[in-house]
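Quick heads-up: it's one chain on its own, the form predicted on its own, in structure tokens.
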């Protein structure tokens, strides 16, 4: 009889030891010691846990960090739960994530001394309905980047807002399988920047009041090289007329006020079905990297850039280009919508194709790094786009979108 009672008890213990631990919810309210309580929750969280920020303003005196996989940080809304870094003592980012499978959603970061939210080496990450803002407007002293995933694979940025970044509002660098969609980038130097990254889709975003709207760059001397396979489609890129306020020496400090979509030294980039208005230097610009470089593996020329059908206005009506007055006279009052610097790489063929209904012009430069002094402006004469491309494997995986339904 005793033996019969013992056996079920042992079985129950064994079963309990193999059952998964239930995910926990850690709720953090604003108020006294919010910094310490929130950072403690980030440290003690276990994989699968959710950290919930109640509505209100959280006064942050220092940056926050998360290094636990598969954690969700959820607020009550991007205008309801606000992490306020106005009194931040250090100069680092507001929130740093270095773990995989993280979901960040429904909260805001305001006035960090450095970047807003940075994730590094953090694969399978979702930024959904998050807001990063420097409330004093465009200033060189603002942090460089708003949303800043870098050196990662499988990234979804959706329904988010960034303003005031002194470099790029939404920046994805040295990464792959990226989707940036349904987001708003205003009052930054660069609204959205995809740099040294591959297999990216940038779609259905509103990009306005920046110096440059959407930048697709490949730069030398970085840990990950060879950006390419980027689709920029169905975005509204309008009124990017803010004077450049990047700190001196930053690469984006050279971006001309009034640039809509700019491709520099990248490969296999498609620009299609965007609405481009009031980008008075150039709605679309395709150029080689203009500076000296020492990286022997770097290719400074754009390759296989396609400008398909886009709805554009008449083009550059107030270009921030040397000799603008003479150029405007030569082109009848507005520079055509597509500008190419005229540089051709080793392949020897023009690096771009343009829809026949969209006019363009070329600087006809002959050497990389030559600058406007060597320009011989003329109407653009390049081929038309070919057939549709395959974007299989581009963009974030569907499993990331499933997290935010």
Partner chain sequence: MKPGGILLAAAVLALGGGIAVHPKRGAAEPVRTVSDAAIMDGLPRTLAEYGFFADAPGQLPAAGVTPYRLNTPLYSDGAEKLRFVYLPQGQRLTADGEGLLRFPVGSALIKTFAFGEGAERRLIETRVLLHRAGGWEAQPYRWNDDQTEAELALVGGRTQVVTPEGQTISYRIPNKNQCKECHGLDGAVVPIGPKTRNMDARWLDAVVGEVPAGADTLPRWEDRARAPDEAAARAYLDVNCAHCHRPGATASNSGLDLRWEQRDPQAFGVLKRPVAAGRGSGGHEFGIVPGDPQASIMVHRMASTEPGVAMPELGKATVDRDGLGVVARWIEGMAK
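Residue numbers count along the first chain shown, from 1. Nothing here was measured: the structure is a model prediction, and the numbers come from that model.
One more form of this protein, predicted in complex with its partner chain, exists but is not displayed; see below.
Figure note: of the listed segments 231 to 239, 93 to 101, 326 to 334, 280 to 288, the one touching its partner chain in the predicted bound form, with heavy atoms no more than 4.5 Å away, is 93 to 101. With the partner removed from view, the residue among 254, 135, 89, 311 that has a non-hydrogen atom within 4.5 Å of its partner chain in the predicted bound form turns out to be 89.
A single residue from the set 108, 305, 144, 262 has any heavy atom within 4.5 angstroms of its partner chain in the predicted bound form; that residue is 144. Taking the partner from elsewhere, no residue among 276, 393 and 399 has a non-hydrogen atom within 4.5 angstroms of its partner chain in the predicted bound form. For the chain shown alone, residue 66 is a contact residue for its partner chain in the predicted bound form, at least one non-hydrogen atom being within 4.5 angstroms. Proximity of residue 140 to its partner chain in the predicted bound form falls within the 4.5 Å heavy atom cutoff. For the chain shown alone, residue 39 is a contact residue for its partner chain in the predicted bound form, at least one non-hydrogen atom being within 4.5 angstroms. Looking at residue 294, you'd find a heavy atom of it within 4.5 angstroms of its partner chain in the predicted bound form. Shown here without its partner chain, the chain has 247, 248, 249, 250 in 229 to 268 lying with a heavy atom within 4.5 Å of that partner in the predicted bound form.
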